[in-house]
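This document contains two forms of one protein chain, each encoded as structure tokens and listed individually as structure 1 and structure 2.
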Structure 1
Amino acid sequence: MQQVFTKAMARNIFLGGAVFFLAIYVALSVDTWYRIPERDHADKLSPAVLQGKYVFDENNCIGCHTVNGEGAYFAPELGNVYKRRGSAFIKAWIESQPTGVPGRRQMPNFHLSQKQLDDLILYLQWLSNIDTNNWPPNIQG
């Protein structure tokens, strides 16, 4: 039987390919790491914004919503919600949940304090200024 292409050669392509592309990926990631703070204005990540982010995460907002397209597809995009709705609307909206309209998708009331609400909105504002290569295509997200 002809053995031009052996198992050992196949294995070496596998190992070599994995190491080669992993090295490239690590190099690119390091570069990305240095560029992200510029693109998302990391200097504006104040303690209040980070508090707001914590409120966002501990209430599992991405369990229904998306942020920059990532999360669940049950409720609207939040990456640009600050620009779409503005802070007063967002605050009033969160406070008035759930709407209780029969059959309509319901958002729970998370019983946030005024401080938590303000921080959360600051975080949403920070999100809305990330350079996402012009995504989403329009304000509706």
Structure 2
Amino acid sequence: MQQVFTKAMARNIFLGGAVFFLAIYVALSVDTWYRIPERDHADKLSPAVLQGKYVFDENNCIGCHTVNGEGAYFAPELGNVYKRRGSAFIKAWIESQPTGVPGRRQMPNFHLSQKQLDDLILYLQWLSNIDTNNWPPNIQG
């Protein structure tokens, strides 16, 4: 005997599934919002770090680089560059641009002041301390 699938049965299956997945979505969203403060360390946002973010935005660094996997994929990830390279390397690298090495992508020289450069490095240091669950997964230099 073949069972008849009625409109009422289809509606109940749809509504039951929708409510179930909505409940999962809400639970995961609430959990995420409760975990953000312990992971983003926003309490460590100093005026210098905020100025570094301003320098980052003013020079459209996200137009070429990614930060935690978001942005353009033309140049290396910056969310973990401080841990990979350190402040001395970052400062020297930015100051030496463009390198003029044939066949390599070139970063323009933004003619940043020492204060801007120091603030930018503090911002990159702050970024490197965000707990991203190791995202993006590629931390190679």
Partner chain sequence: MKYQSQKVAKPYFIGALVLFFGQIVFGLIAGFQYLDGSFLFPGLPFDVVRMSHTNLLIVWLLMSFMGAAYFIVPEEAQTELYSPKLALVTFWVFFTAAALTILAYLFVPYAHLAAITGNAALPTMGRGYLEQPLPTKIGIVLVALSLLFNVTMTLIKGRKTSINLILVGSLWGLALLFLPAFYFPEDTVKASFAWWWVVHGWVEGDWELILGALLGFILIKMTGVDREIVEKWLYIIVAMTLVSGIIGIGHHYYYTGSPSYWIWLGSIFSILEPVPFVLLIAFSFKMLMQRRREHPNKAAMLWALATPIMAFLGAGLWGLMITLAPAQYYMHGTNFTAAHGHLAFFGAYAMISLSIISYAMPLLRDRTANSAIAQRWEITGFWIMVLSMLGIALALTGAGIVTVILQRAADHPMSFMQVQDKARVFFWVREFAGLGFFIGLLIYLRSFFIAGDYEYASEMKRALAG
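In this text, rigid core is short for the largest set of C-alphas that superpose within 1.5 Å between two forms. Bear in mind the structure is a predicted one, so any value in this text is a computation, not a measurement. Please note that residue numbering is based on structure 1, beginning with 1 at the start of its sequence.
Note on provenance: structure 1 matches the form predicted in complex with the partner chain. The rotation of the smaller rigid part against the larger one between structure 1 and structure 2 comes to 36 degrees. Core-aligned Cα shift between structure 1 and structure 2 at residue 32: this is 4.8 Å.
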